[in-house]
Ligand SMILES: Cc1cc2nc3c(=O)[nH]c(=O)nc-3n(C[C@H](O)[C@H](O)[C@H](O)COP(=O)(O)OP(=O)(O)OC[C@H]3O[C@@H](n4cnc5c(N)ncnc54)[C@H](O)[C@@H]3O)c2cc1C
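Taking the form predicted alone, here's one chain by itself in structure tokens.
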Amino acid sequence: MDGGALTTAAAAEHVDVAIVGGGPIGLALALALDGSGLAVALLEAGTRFERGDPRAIALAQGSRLILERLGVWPTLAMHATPIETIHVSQRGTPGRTVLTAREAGVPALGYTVEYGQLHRALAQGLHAQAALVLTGARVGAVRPAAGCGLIEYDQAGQTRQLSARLIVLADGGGLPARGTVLAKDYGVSAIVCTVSTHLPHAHTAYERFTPQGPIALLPLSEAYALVWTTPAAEVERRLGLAEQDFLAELQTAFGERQGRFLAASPRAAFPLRLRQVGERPRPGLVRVGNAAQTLHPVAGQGFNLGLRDAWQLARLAAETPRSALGGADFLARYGALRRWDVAGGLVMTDVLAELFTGADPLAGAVRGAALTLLDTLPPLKRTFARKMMFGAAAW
């Protein structure tokens, strides 16, 4: 697929699984269901699988294994930059931890790839599969139910309906939750862009904690993808800085570990929030990826957690009789499969984001000591690295 408009298939009256959302997680789920024998439809509001998202995605080693099974890694590998070392430190105080692929016993701790490259690779894989792809399909209502639910959507000026045994809201889904939603606004945004440095990255990623929040540098091709946590009151000013002034502020905040910052691409900002949908299980409905939970980007867990949602849901659906898809037992089993992984990701990122922010000298000293302690305990360091790579499966 070259990113152009897809030929829109005629709407089917009924499928086994309908996926709402054609972002990376929705596409991955459709690919994972290929070969299951289930009739699958994917509804995407856009007419093209193109999204102008400037962010880079940190793929964990466990995500690479899933993408290999989905058949898209050979295409994606050409654009992915391996992360062989992760350097974690705190600005202004001693103490650091260094994680390496060699110590973890893997070829790489992860990979950095542009969001657009990831999205295109998944869309190309889907193009060769049997799923019914409905582009330009704007979903207006979802009515899940035991046995058979209904989706109403507009396409080419006409209102249509699609019924499904299981409806999956993916990649945000664009539909409100019914029930409780755990939400937390960190009061900061992530400023993202690409930066070049005087020293080569040597496949090393940095997580640098500052009083205002973490700064992440992820190796991407010959440069770095920057994720700079910025207080809300500073976002517009920092976005509006001339390039050299922006680089000077970044230099002051990050330090000299990569030498001088030389250049920066155009910048964008995204508010950082924690969000988890806690609605009661609704027969015939499942949420995955950002439709289920949104995390702080520290430690790069968000996409990887959503990809594991999609992979485990597809495996469970493939081994479940059609008549039981979306039923109470199915939902309970999926909830049990994902409970600890999701909870662990939410807690880990929230704790890191909160504990490693602030300028209190005593707290800074304690944080520095904790990083040093972690670095001197190889078994604990390996466990932490495997948690980042494989989620709850690391335990």
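Note that the coordinates shown come from a computational prediction; the quantities given were computed from them, not determined experimentally. The numbering used is simple: start at 1 and walk along the sequence shown.
Below, we turn to the form predicted together with the ligand, even though it does not appear here.
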Which of 231-239, 92-100, 131-139, 247-255 lies within 4.5 Å of the ligand in the predicted bound form, heavy atoms considered? The stretch 131-139
Among Phe303, Phe209, Phe261, Tyr206, which has at least one heavy atom within 4.5 Å of the ligand in the predicted bound form?
-> Phe303
So which of Leu337, Ala45, Met348, Ala370 gets a non-hydrogen atom within 4.5 Å of the ligand in the predicted bound form?
-> Ala45
Quick one: is Pro144 in contact with the ligand in the predicted bound form, heavy atoms, 4.5 Å cut-off?
-> no
May I ask you to check whether Tyr115 falls inside a 4.5 Å heavy atom distance of the ligand in the predicted bound form?
-> yes
The ligand contact at Ala18 in the predicted bound form, heavy atom, 4.5 Å | no
With the partner left out of view, is Gly289 within 4.5 angstroms of the ligand in the predicted bound form by any non-hydrogen atom?
-> yes
Which residues within 21-39 place at least one heavy atom within 4.5 Å of the ligand in the predicted bound form?
-> Gly21, Gly22, Gly23, Pro24, Ile25, Gly26
